[in-house]
Ligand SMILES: Cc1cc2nc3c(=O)[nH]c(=O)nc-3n(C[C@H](O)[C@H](O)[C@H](O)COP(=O)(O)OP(=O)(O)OC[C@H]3O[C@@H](n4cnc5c(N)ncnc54)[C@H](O)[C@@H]3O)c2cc1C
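There is one chain below, alone, in structure tokens, taken in the form predicted alone.
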Amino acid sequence: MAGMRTWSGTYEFRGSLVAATTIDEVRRAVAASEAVRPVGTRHSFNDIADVDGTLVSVVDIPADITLDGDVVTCGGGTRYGELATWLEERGLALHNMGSLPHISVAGAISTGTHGSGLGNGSLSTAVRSLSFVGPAGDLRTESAGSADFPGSVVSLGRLGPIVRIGLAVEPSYQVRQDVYLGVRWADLLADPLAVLGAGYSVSVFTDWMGEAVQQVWVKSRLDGDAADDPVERFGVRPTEHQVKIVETAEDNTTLQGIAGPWAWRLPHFRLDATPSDGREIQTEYFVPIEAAAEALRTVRRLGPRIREHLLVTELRTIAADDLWLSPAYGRDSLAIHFTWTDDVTAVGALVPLIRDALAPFGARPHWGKVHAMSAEAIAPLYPRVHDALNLFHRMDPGGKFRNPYTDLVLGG
């Protein structure tokens, strides 16, 4: 499909798109093609979903949401906001959500996209089953407890298009968002976990300059009957006003301490609005939580160099998991996220500076974002990377689902 771009418009795809509307269409397209990559809602910032061949989209396949006990199953192309709405209407919930409810379930879990919370695993940790279309057009299901399951969830598309996903659910809950303005860097660096652990899910927004971070969003889970009054934290009271992450973002969820369903508070952006700033580039690295203070100090020293091309940085935490290629594999993590202007040349020069600054902390990249890392640096950070590669080769011996990006970051 000539001219198809990522959501932000900063990457143009080479491959030809097959927009499947049924699972059988996916199977036929995969079987008939020599090189295939799954493509979802295109909230990526590199060529992870591209190939000089066939791009198979599953986002137009009906969600067909079903419930079996505490597991909900839906189409891989289902947007999180659509699934969350369906669950909330039935008094159910997911444990975590990303900042954007617009992203597809399959795309998010395949890249280890995370949400936030010291005790919350990434979105991928809710997965209980996955159904893939294999290289011959065959349908294969992997379930929690199988030997291959930990290598199948965060798979970077190397196992083929995901057409059905089962996720763990729990009873619905209420969340209140309070925003604290002017929290001092000194307080964050003195005890990062006190700030980042102040609620069920916490996000810190900063431009790295000055004596204070710009905003701290505390999302409190209200499992009781009523919300307590918002409290003073970090020496400041929460603002009573609706704020914005960046000046051009008008479509954030309710931020004035007003309790509401998890589905409309855990994401930063509303499902019925265009998310974020539009044309942008994103970068993200994961460092061990115990290195949070020193990693933040290190990046802060680069603040004057990166500020000109930075829209905002967001800091969030993710609990450790056992998924082989998850950026949070084996370690509780701090995610340091950069939303850049869409100046490709300038960002391309800045990202290696941050990569090198964070390298001593064993920083792992977000797979779907611009990170300037290759397999030589990445492989030592993932103890099970060779097991993952063996799984991919066993399930796809001809390499139909490989592409230049996966070869770059994982090796052959």
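Because the structure is predicted, anything quoted here is derived from the model rather than measured. We number the residues from 1 along the sequence you see.
The same protein has a further form, the form predicted together with the named molecule, not shown here; the description that follows concerns it.
The named molecule is not drawn, but in the predicted complex it has a heavy atom within 4.5 Å of residue 316.
Proximity of residue 325 to the named molecule in the predicted complex falls outside the 4.5 Å heavy atom cutoff. Though the partner is left out of this view, residue 37 does reach within 4.5 Å of the named molecule in the predicted complex, counting heavy atoms only. Taking the partner from elsewhere, residue 366 is found to have a heavy atom lying within 4.5 Å of the named molecule in the predicted complex. 113 is the sole member of 201, 113, 333, 177 with a non-hydrogen atom lying within 4.5 angstroms of the named molecule in the predicted complex. Between the named molecule and the residues 220, 215, 282, 96, the one pair within 4.5 Å by heavy atoms in the predicted complex involves 282. In short, of 300-308, 155-163, 235-243, 287-295 it is 155-163 that has heavy atoms within 4.5 Å of the named molecule in the predicted complex.
Of all the residues from 23-57, those having a non-hydrogen atom no more than 4.5 Å from the named molecule in the predicted complex are 37, 38, 39, 40, 41, 42, 43, 44, 45, 48, 49.
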